[in-house]
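Encoded as structure tokens, the following chain is the form predicted alone, with no partner shown.
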Amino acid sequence: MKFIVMINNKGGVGKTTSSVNLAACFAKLGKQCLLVDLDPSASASIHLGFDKSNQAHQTLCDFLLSSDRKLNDYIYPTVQQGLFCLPSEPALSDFYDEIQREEQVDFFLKRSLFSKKYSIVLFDSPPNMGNLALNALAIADYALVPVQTQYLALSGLDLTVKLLDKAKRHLNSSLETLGYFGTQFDRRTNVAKFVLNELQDRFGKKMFKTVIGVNSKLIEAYHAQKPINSYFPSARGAKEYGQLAEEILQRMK
């Protein structure tokens, strides 16, 4: 069982889209995968059909409030066979910090809480280095960093790299940065090509070969509340995430 944190300190880089669609691709490749939504925006949960405002279901908040705290009671199957979700809701960050102060504990999520039936546990972290992201990094094997192929993404990336290094030194010496991959790549622009070249020069073999391009079907899949490989399996986005998932699995070997 491998624990992966999808992380970037900057918002809008395709982190949630990548978390959902990679998790679905892992499941399609025969890996039992659990997606843990640690982002209070709950975008990954909504993407997979778990919208707290439209239907009654328990979330990670309910787990935190539970006296017995059996994590499996808060995990749900999704439309993709082999893919499961531990959903979030907007109150998550406040709940987590408040209960953490009350109970005077470092972190609530521990590896021992997760069923060994999952081959991969993938965390979609919030776009900051608060307690939720730190909890995930403290128990993870790998960090996976999506990078938007735009100029502003390069300056913000330095902070993420430094924070990952700090997490490795102070929280989890076993944490490894599995790699970086480009997102929202617009093949028509010189800016996207320049940024991608800069990333490849900087990170070398840590950059994955697969790049996730701009694709309207990815947006449609979100609104349909399905992963792209279920919504439109022939879309370019579905093929790119499938290729990236295979690269990731190969690198973890």
Ligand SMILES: Nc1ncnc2c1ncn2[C@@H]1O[C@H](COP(=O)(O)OP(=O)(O)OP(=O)(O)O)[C@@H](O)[C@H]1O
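Start at 1 with the first residue shown and count on from there. Remember, it's a predicted structure, so these values are computed and weren't measured experimentally.
Here the subject shifts to the form predicted in complex with the ligand, a form of this protein not shown in this document.
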Identify which of 214, 64, 29, 207 has a heavy atom within 4.5 Å of the ligand in the predicted complex; exactly one of them does. 214
Which among 50-58, 64-72, 199-207, 218-226 is in contact with the ligand in the predicted complex, heavy atoms within 4.5 angstroms? 218-226
So in the predicted complex, does any heavy atom of residue 82 sit within 4.5 Å of the ligand? no
Although the ligand is absent from this view, report whether residue 13 comes within 4.5 Å of it in the predicted complex, heavy atoms only. yes
Considering non-hydrogen atoms and a 4.5 Å limit, does the ligand approach residue 130 in the predicted complex? no
Residue by residue through 26-43, tell me which have a non-hydrogen atom within 4.5 angstroms of the ligand in the predicted complex. 39
